[in-house]
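The data below hold one chain only, encoded as structure tokens and taken in the form predicted on its own.
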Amino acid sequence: MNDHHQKLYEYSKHIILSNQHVSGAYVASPNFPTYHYCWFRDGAYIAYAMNLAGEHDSARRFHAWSSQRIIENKDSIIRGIKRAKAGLHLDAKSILNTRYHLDGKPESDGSWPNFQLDGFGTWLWSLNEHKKILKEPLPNNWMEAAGLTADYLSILWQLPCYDCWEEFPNNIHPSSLAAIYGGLNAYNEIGGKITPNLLSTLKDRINEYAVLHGYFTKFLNDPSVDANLISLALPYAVFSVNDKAVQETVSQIEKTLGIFGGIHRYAKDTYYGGGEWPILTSWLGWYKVQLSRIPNVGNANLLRIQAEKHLDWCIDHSTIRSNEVWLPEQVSEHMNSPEYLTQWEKKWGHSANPLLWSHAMYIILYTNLLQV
């Protein structure tokens, strides 16, 4: 790797640290009003990246913030579990919000699509990674929050919900199931108790998405893929990175969503025209680094070279603003549906830039390449 990679790594740390609220929350994007909130999903990956970068206090502050949000919403968790067990509809008082004001207050108008389960599974995964990296016990209130989260996911996982892109609420998504699996398995590792039968059931349910085509699909009985399916192997470890169906899924993602180098979310994406995402481009590189570490699986040197090219792509599509280097949420070239770009800009303004999750995924790929 070269000096350009190092510089963007340093800028990425700076942008994340300078946009962490005093409360510990990470703002999703400081320059995009719709994202002036903290998400469990984004924050969990950002905290993991900060731990990899040695910024452990930053990660601690986020996990403390997250734990407090869970404990404050204990009544909602209990209500949600009771209603789900009784087969009742989950109302606004029985679900955990997916995004919060930086001071920890929930949104008051309830207008956001809040029923999303993947972020809470991702937080449990990130919490376990925090413990493993720092080799220190988790505070009691963090463990209490983790237990409440695991109980919530253990009951509600069977319900349709919004996916990690906050879309398609009437579907059950393999990426969301994987995040729940990864979170519950992580909870076991930090000292909780999840029955092996539940994890096996989740894995069997995810396997259904690969039955017809030999690779995992975005929806059942649909041949299309979503780049978020990489998460089934990395980081949620439902399957190994060299699992046959996972490798075929990644191949399909590259063939259909990565034709020009950057990775799209899915083929019919129209959000801000459906451009290429630095998050996903780094994610694919992360996967290739991990695959290169397994003996006798492909050409290890070639995989690492390809992963470094994903870093290059991110650098090539960064922007220099305010004497900083920013990574956006998505790049407005090679769009799936360019006619939608103006519609979204009229609604919410220009797309998010910088996006802290983009910088976090760059840090994850960069630090993984350094370990090769």
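Keep in mind that what you see is a predicted model, and the values were worked out from it rather than measured. All residue numbers refer to positions in the sequence shown, first residue = 1.
As for the form predicted together with a small molecule, it is not shown, yet the points below apply to it.
The single contact residue among A28, L303, V325, L311, judged by any heavy atom lying within 4.5 Å of the small molecule in the model of the complex, is A28.
The listed set R265, R83, K131, K218 contains one residue whose heavy atoms approach the small molecule in the model of the complex to within 4.5 Å, identified as R265.
Stretch-level contact analysis of 185 to 193, 142 to 150, 234 to 242, 165 to 173 against the small molecule in the model of the complex, using heavy atoms and a 4.5 Å limit, identifies 165 to 173.
Although the partner is absent here, W39 sits close enough that one of its heavy atoms falls within 4.5 Å of the small molecule in the model of the complex. Y35 belongs to the set of residues with a heavy atom inside 4.5 Å of the small molecule in the model of the complex. W157 falls outside the set of residues with a heavy atom inside 4.5 Å of the small molecule in the model of the complex. None of the heavy atoms of Y362 is located within 4.5 Å of the small molecule in the model of the complex.
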